[in-house]
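Next comes just one chain, in structure tokens: the form predicted on its own.
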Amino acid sequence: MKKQELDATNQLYQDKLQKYFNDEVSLVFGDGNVDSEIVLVGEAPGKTEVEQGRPFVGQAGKNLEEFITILGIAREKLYITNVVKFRPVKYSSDTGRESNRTPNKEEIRISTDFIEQELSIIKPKLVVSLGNIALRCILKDDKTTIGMLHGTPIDVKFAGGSFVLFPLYHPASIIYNRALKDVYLQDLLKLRDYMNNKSLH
């Protein structure tokens, strides 16, 4: 049942984006166990994710595997998605290459309804937001930052339901800022303790 509801929501999102961009867009939809009590929400897919059609399979995905190992849970038991389900890119005039960029406000705006619908279908008990974009989208607060709230469980009412939000730095952030690695690992251990205390798996 959930799978059919998600498929219908994904089709609406695809139709909306096709009209918005006036073109076909490569999308990377949520992936994993639709009955999971735990959902991970990231920012947007990158190049590898678009190529493979799954979230978190590139370099950030390698960090995510380490993350999942620390939590002691199999990836197949989780549901993993992004706020924006297409790859935002910027082009270099010097090299002619494209690279990832942070989604802009308009890209987030046209995607917010769909992450709300997705979470209302899954009905998780715990949502782990990865980075600022997911955190701000779920809290509906553009001014909050991951630096203020990382590693702290927050009771949230969202998408017609309620769950605990556990904000973490994005796994990609420790690729660019190695100084965050210790904080990130400490937050993961806090998350593991929280999950064990609440018997979430």
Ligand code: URA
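Position 1 is the first residue in the sequence shown; the rest follow in order. Predicted, not measured: the structure shown is a model, and the values here were computed from it.
Another form exists, predicted together with the named molecule; not displayed. Remarks below refer to it.
The partner is not drawn, yet in the model of the complex one stretch among 137-145, 39-47, 65-73, 160-168 has residues with heavy atoms inside 4.5 Å of the named molecule: 39-47. For residue 55, a non-hydrogen atom is located within 4.5 Å of the named molecule in the model of the complex, even though that partner is not displayed. Not displayed here, the named molecule is kept clear of residue 129 by more than 4.5 Å at the level of heavy atoms in the model of the complex. For the stretch 80-96, the set of residues having any non-hydrogen atom within 4.5 angstroms of the named molecule in the model of the complex comprises only 82.
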